[in-house]
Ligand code: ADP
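First, one chain by itself in structure tokens, the form predicted alone.
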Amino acid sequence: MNLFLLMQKIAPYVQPYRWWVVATLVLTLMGSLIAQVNAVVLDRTVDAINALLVPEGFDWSQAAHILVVISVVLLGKEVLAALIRYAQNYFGERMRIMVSKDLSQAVVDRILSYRMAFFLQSGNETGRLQARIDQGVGSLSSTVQSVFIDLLPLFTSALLALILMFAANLYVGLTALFIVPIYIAVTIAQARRLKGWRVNMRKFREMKSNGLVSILESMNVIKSFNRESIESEKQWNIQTQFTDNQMLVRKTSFRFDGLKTLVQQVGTVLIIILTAYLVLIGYPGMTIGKIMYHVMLFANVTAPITQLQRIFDSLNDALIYAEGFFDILDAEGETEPSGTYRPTEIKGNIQLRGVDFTYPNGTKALHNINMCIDSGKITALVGLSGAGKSTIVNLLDKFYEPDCGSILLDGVDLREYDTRYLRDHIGLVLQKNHIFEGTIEENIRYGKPDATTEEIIDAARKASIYDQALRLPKGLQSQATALSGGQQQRIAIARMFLKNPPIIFLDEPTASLDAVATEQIKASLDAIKAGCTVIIISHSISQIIDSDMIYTLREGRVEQSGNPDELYRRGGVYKEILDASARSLNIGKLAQTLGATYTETPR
């Protein structure tokens, strides 16, 4: 990333506000012209007052006239300059804010279009992405401000001042011109020296942000294991490295800043000496007033130089942070793939043929998967943790694409389906579903944005959350994030009821619920399963024993398939899981208790 490329990247976001840019440039030119007034007035004033100092006596009326004119001109100039600065800052700041808004929205829209694999890549953790986006937007919007509010006015003023110096005297102009490249060369050397350390600062900021997000998300685990000191030490180490790097940047900056101040002061001394010499030798056009005139003009020439490092720092930050920001915005090949096929009806016949899949981190999750999932049937995926069950569901929902093989839905390859259309016809309930900031009603409505209040209430009843919501002070308008995990799971299930799709994926849908709630949800799920193609992942006997077909998986491979009775008689993974579930439930003791209860109960 270089300055030219940076400007190219920012240009599309500045272009909608081009008239503000034009207004800012016009105001900049006006402000730069006004900035030279002090030097001109001082030059004329000194010479005029000097002319009054004659042996015949001092003419107070002429002096008063000069002072009145000076006061009117300078005060009028300040009023006009203040109005111009206000308008210039307003247009510039408004443009910066609008560009910042557009950049923020652009990266949000872009991220939403990316496939799931993007978020599993190294360096794309939540905290790191957040830091790169925040720092990128901040530095890029600051660049807009630096260029259009700070840099252009300063350099326009400097250029006009330099032209006036050359117009007054060639030698003085050349002296001023000689100093400027030296100062710029020192500034460039400073930027090159600091570049590597600034890149490190970006990395440390990302690490700090990601570490903090990790702590907040893992607070219950940290506290349950009493590991506060360990997490504190991790953050302390990052903070120490960040601080050390920051001090290196500051120490180097201070050394270069001192050198640049010296160069600037040497230039001022040379201007004074040269102008005074020309006045003393009686050089044509050189008067005492020209000494102050040239000194003030040189101050206008060096004004951008004194501000240059701050602006240069801002631009350097933009170059560094913009690289990470535009890496997100312009990521090649990360946009979620989508076909164009949109059938009038989805029946739900699914076939997987020779499917392999590897996650972005290199973990191979599936090996030569072959399955046939019939429309309107319930198919269970059974296996130990890590067998690849959830990965298959992710592939069927087009969160990822297989490495090889094909997935067919109603005889058409899943790649050909319009992704949004496909997902409109799939209901997904996970073991842990995300609940958004907002009310219970708003979270349920997420399943169907145009749903009526009656439809939302009906879905809430089916998911057994409606009665619980009514007991809350605000009912369905209560904040969903304040509910328990089991209640939040019911909200997620209510979303699916509201959506009412022909294909349903259930990944441990009742894992967070108690036995009574599980029974209620199972009854509701049984009702909505009718006529739907259902794929269920569960370790619950009650969930999988009703399935029409079961596929057992081990280490990413299909080991067995068949109906529940066949698989149990055949032995293998399904029998192992079913027997283990029975033992964990203490089926024998339960049977005795239930048998005794029924025996003692009078009929």
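Throughout, we count residues from 1 along the sequence that is shown. Quick caveat, the model's predicted, so the values are computed rather than measured.
Another form, the form predicted in complex with the ligand, is not on view; read the next lines as being about it.
Peer 1: With the ligand left out of view, choose which of Asn500, Ser390, Ser338, Gln431 has a non-hydrogen atom within 4.5 angstroms of it in the model of the complex.
Peer 2: Comparing distances to the ligand in the model of the complex, the residue within 4.5 Å is Ser390.
Peer 1: Could you work out which of Leu384, Leu248, Ile328, Val213 is the residue within 4.5 angstroms of the ligand in the model of the complex, going by heavy atoms?
Peer 2: By the 4.5 Å heavy-atom cutoff, the listed residue in contact is Leu384.
Peer 1: Only one of these stretches, 346 to 354, 162 to 170, 390 to 398, 482 to 490, has heavy atoms within 4.5 Å of the ligand in the model of the complex; which one is it?
Peer 2: Of the options given, it is 390 to 398.
Peer 1: Please check if Leu422 has a heavy atom lying within 4.5 Å of any heavy atom of the ligand in the model of the complex.
Peer 2: The answer is no: Leu422 has no heavy atom within 4.5 Å of the ligand.
Peer 1: Taking heavy atoms and a 4.5 Å cut-off, does Tyr446 contact the ligand in the model of the complex?
Peer 2: Because no heavy atom of Tyr446 falls inside 4.5 Å of the ligand in the model of the complex, the answer is no.
Peer 1: Although the ligand is absent from this view, report whether Leu408 comes within 4.5 Å of it in the model of the complex, heavy atoms only.
Peer 2: Residue-level check for Leu408: no, no contact with the ligand.
Peer 1: So, in the model of the complex, is Phe242 in contact with the ligand at a 4.5 angstroms heavy atom limit?
Peer 2: Output for Phe242 is no: heavy atoms all beyond 4.5 Å of the ligand.
Peer 1: Counting only heavy atoms, which residues in 356 to 384 are within 4.5 Å of the ligand in the model of the complex?
Peer 2: Contacts from 356 to 384: Tyr359, Asn361, Thr363, Ala365, Leu384.
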